[in-house]
Each structure stands twice: as C-alpha cells, then as structure tokens.
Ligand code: NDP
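Below, in structure tokens: the form predicted alone, a single chain.
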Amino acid sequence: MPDHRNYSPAPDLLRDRIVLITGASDGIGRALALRAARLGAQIILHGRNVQKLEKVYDEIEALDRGVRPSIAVVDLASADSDAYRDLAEMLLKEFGRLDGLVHNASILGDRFSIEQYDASTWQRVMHVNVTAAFALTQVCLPLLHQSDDPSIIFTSSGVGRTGRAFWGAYAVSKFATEGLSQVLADEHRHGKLRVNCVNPGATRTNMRLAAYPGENRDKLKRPEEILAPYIYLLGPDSKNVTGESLDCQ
C-alpha cells in the first residue's frame, strides 16, 4: 500500500466516477466534494440544509469541469425506509450506478459520562451515526454492484478505536462504524466492492469546535489538508484494499 497520507492523485483520477458524499454541506464533506469534483467525479451532495448544499453546488459548478453535481436532501435523523428507497430509486434513474459512497455525516451528541448521559440523545447519536449509515448502504448496494470498481468509505475516529472518558455515544457509534465496515468488507471479500474506514484526526471543523471549544483552531489542519486517504480509496489505485482503517494524520 502506498503512503495514503501523502497520496498524489492523477489530474483525472476520478473521471466518470459517480460518488455520493453524505454531510457534504460543510467541513470535510464539502472539501471532499470539491476535491473529487476537481478530479473529474460526478458528485451527489447529501445533506439536510438545502441552502448550504446549493452553495457547494455553485462552488463545484464554478470549477468548470463540465460535470454538474446533484443534490440529495435527506435528514438522517428522521428519514424512514421510504426516504431511503426514494433516494436509491432517484440514483438508479439518474445515474444507473454508484462508484463511491462516502459516509461523512455524523453528530457529536453530549460530552458527558455514561452515568449522566441522556438516553434519548444516546439513541439519536447511534441512529444518525450508525443505523442511518447502515440503511443508506443497504439501499445503495445494488447501485454499487453495477460499478466496475466500487468503494465505500466510512468516517471513523480515534475514539472509535480506543474508548475515552466522556465521549459517550459518539465513541460507541464510531466503534460500531468500524465494525459495520469490517463486516461489510468481509461479506464482499471475494467481489469487486471494497469497504474501508478513514479516521480524519484533529481537523478544523464545527464538530471539533463543539468538542473542544477552548482549543486553538489555528493549530489544526483544515479539511482540505487531510483528504488524501479519501481520494486514494475512491480511485483505482486502492483496488485491492479493503477491510482497512486508515489515518489521515
């Protein structure tokens, strides 16, 4: 495996690849959408805020790469099975396949001890970060199977490998994310589909600010600076890489 943290892609690495990115309205999702679009990908921007998604849409259009992005508005906290099926049907009708699915959307929840943690908040974090990712993956698998080189990327966390005090549901959800990725990778170990996790590390995002409000943000890497492993896993150079959990930093 090459040094994925310093991976340097070819200018048209993702040309003609159709990639769905969840949580694409800001942070890492937005930065990845723009980077993948510059490399030629057809991007499907997922989020729940139409105005934010339209802004990213316009940013991609301004790149003048000749490939128009699409927008998929789904609130992962409240979506039911019909919403996921409708999304999959829209993708099938418009594109016929998916080459990449990047699970970036997640919520932090509370930074409390297990003893103090609110059960309804716990349930919401687990639902958005794990169950919604499962549901979206499930409806998208038939589309991914239509690709010659499909890739699923789950966004993990350092606290999803080693549990840390006061990270509560978020940490547990990221342990579950790692497990979901490993199970799915093993189920497809003899096929084309590859499934991996990426841990962004300390990055200048709104979630990081919420978790560490007193931190000096100027010392953190920007989302645009940690994308190399995502790009590597979306492209053909990672064709035989599956079941892994890669660090961005």
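Start at 1 with the first residue shown and count on from there. Here the structure is a predicted model, which is why all the values come from computation and not from measurement.
Just so it is clear, the following notes concern the form predicted in complex with this ligand, a form of the same protein that is not shown.
| query | Taking the shortest heavy atom distance, is residue 25 within 4.5 Å of this ligand in the predicted bound form? | reply | Contact with this ligand, yes.
| Counting only non-hydrogen atoms and a 4.5 angstroms cut-off, does residue 75 reach this ligand in the predicted bound form? | Heavy-atom contact with this ligand at 4.5 Å: present for residue 75.
| query | Does residue 203 reach this ligand in the predicted bound form, with heavy atoms at most 4.5 Å apart? | reply | Because a heavy atom of residue 203 falls inside 4.5 Å of this ligand in the predicted bound form, the answer is yes.
| this ligand contact at residue 155 in the predicted bound form, heavy atom, 4.5 Å | Yes, residue 155 sits close enough to this ligand in the predicted bound form that at least one of its heavy atoms falls within 4.5 Å.
| request: Decide yes or no: are 13, 194 and 238 jointly within 4.5 Å of this ligand in the predicted bound form, with each residue judged by its heavy atoms? | output: No, because 13, 194 and 238 lack any heavy atom that approaches this ligand to within 4.5 Å in the predicted bound form.
| Looking at 52, 188, 222, 65, which has any heavy atom no more than 4.5 Å from this ligand in the predicted bound form? | Only one option qualifies, and that one is 52.
| Between the options 107, 92, 83, 71, which residue brings a heavy atom to within 4.5 Å of this ligand in the predicted bound form? | Selected option: 107.
| query | Quick one: which of 179 to 187, 57 to 65, 32 to 40, 194 to 202 gets within 4.5 Å of this ligand in the predicted bound form, going by heavy atoms? | reply | Result for this chain: 194 to 202.
| said: At 4.5 Å, heavy atom to heavy atom, what parts of 37 to 53 sit next to this ligand in the predicted bound form? List them in sequence order, or say none. | reply: If the 4.5 Å heavy-atom criterion is applied to this ligand in the predicted bound form, 37 to 53 yields 46, 47, 48, 49, 52.
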